[in-house]
Structures are given as structure tokens and as C-alpha cells.
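Below you'll find only one chain, the form predicted alone, shown as C-alpha cells.
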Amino acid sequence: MALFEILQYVIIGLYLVGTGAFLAGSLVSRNSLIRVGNIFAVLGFIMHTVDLTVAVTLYHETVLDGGYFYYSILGWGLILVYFFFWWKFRNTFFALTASPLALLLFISSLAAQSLKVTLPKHLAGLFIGLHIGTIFVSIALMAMAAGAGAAFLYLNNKIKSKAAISGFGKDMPSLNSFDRINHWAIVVGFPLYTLGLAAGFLWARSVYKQMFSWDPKEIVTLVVWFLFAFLFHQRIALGWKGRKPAMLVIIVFVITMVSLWGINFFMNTHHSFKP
């Protein structure tokens, strides 16, 4: 087995143990297990960074043409955004969203190794920086907002029904904390998503000689953008708080995930990840 493959199994193992520790620690309210989860998340992130660095160094002429790179860097970015949330909001709760998703994305990256992306060499920097970079950061923020939304709905339902809050629920942040994080992630994430989408259309015009070609991925991406725009507007202009933005951002995130795996792997599209 090549050293590169061993490194990939190590990353899967570290993310898997980290995810298990986060889940177990949250369910039984053991901070020691959550600290273990953070340690393995940090170790997994370091090894993941090494993996991406090695891939870029060894295959710098072809790495941007392969599907492995894109799923892998999305998982890596998700963990990076989680670390930022951990630092900014002093809360490890969002590891429950970031850690399993990063694990799933990294495993998906191994299944997407045969993808070949049409990438004009003269647009490589623009494409990665504006399209992929901004879209991936906005998806990571969307994941954090959806995680906060799901937790808000769960805790709000417990409080309104006057059900007993025990175990996992007792250690959750307050409703205001979840709503504030949801707000922050949407306000930052939507402009990034818009910028990434605009860069993607410019890239499509260069490659396919038209900005919009009714590709399934393009159609679903526009649906996500309109829902995301509506959510952003309602948050900023009308002051939406609580259940409505929590529910809508979960819907937006679910559509995005269905698009990422369903369309990329199972449909004929310019973004096909089918082997």
C-alpha cells in the first residue's frame, strides 16, 4: 500500500474517532469525551492539510482537474470553519455538524477520483479563488447555520412543550445563541455564495460559450440562491428570528447536499462526478 493511501486511511480514522467522541460526549454529557473529539479533529485536520499539500505538490499540473481535490477541500474547509466558530463563539457544539460531514466528504473524495473537470488553465486562479473558494466557504457556513437551526428547533420544542430537558439538552447553548449564530452565518454566507455563483457563470461562458445552459446543477444552484436570497432579505430587512430562519436554512442546506451528492454522482451534468 502506498504511503499516500495510508495517509488517507489515517485521516478517515482520526475523523471517525473524533466524530464518535463528539457524539458520545454530547449524549452522556462528558466534557472529557468532547475534548478527545476536539483533539482528534485537530489531528485529522493536520493530516488532511498534509494530504492536500502532498497532492498539490506531487500532482500540481493535474490536481485541479481531478474530482478528489474538490470534495476533499470542502471537507477540509468545513473543519476550518468549525475551528473558527469554536474560537469566535467559544462553543464546541458545532462539531456535531462539522465532524461527520467532513468525514463523509473526505470518503466521497476518494470515490470521485476519476472525475475530470474542464478547467481552462488561464482561469485556474480565478476559478479556484472566486468560484470554488467562495462557494465552499458559504456551504460550510450554511452547514453551521443549519446545525444551529436544527438545535434551535429541538430546544424550542422542548421548552414550549414543557418537556424535561436532560442529558444532551442540558449542555446545549441558549436559544439566543443558536439564533445569533444562524444570523451571523447567513449574513456572511449569502454574499459569498452570490460571488461564487457569479464567478461560476463567467467560467461557464468561457468554457461552454454561454452562461446558462439549463444544466441540472445550474438549475438547482439557482433555486438554492433564490431561497438563500429570500432568507437573507427576511433576516436583514424584516428582522426574521427564531423558527422561520431556522427551518428555511435547513431546507436550503438539504437541497445543497442533495445537489452535491445526488446530481454530481447520478445525473448527466457539467459537474458530473460519475466514475
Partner chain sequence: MDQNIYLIGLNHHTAGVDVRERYALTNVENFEKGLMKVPGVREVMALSTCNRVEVVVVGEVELKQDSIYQYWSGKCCGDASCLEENSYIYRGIDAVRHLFEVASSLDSMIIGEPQILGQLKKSYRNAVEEGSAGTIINRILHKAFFVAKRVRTETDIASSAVSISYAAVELAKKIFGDLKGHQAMLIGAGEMAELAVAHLKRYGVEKVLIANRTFASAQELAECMDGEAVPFEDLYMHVGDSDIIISSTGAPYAVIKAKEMKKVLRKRKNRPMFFIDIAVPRDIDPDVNSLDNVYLYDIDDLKDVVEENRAQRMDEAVKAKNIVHGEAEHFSGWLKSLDLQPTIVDLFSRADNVAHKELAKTVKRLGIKDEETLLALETLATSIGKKLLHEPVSFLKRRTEEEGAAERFVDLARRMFNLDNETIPTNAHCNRKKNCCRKDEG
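Numbering follows the first chain given and starts at 1. This is a predicted model, so every value here is computed, not measured.
Not pictured, yet referred to below: the form predicted in complex with the partner chain.
In short, of 197-205, 71-79, 85-93, 174-182 it is 174-182 that has heavy atoms within 4.5 Å of the partner chain in the model of the complex. Under a 4.5 angstroms non-hydrogen atom cutoff, the partner chain in the model of the complex has Trp240 among its neighbouring residues. Taking the partner from elsewhere, Ile236 is found to have a heavy atom lying within 4.5 Å of the partner chain in the model of the complex. Although the partner is absent here, Leu155 is a contact residue: one of its heavy atoms lies within 4.5 angstroms of the partner chain in the model of the complex.
Although the partner is absent here, Lys217 is not a contact residue: none of its heavy atoms lies within 4.5 angstroms of the partner chain in the model of the complex.
No residues of 69-84 lie near the partner chain in the model of the complex, the criterion being any heavy atom within 4.5 Å.
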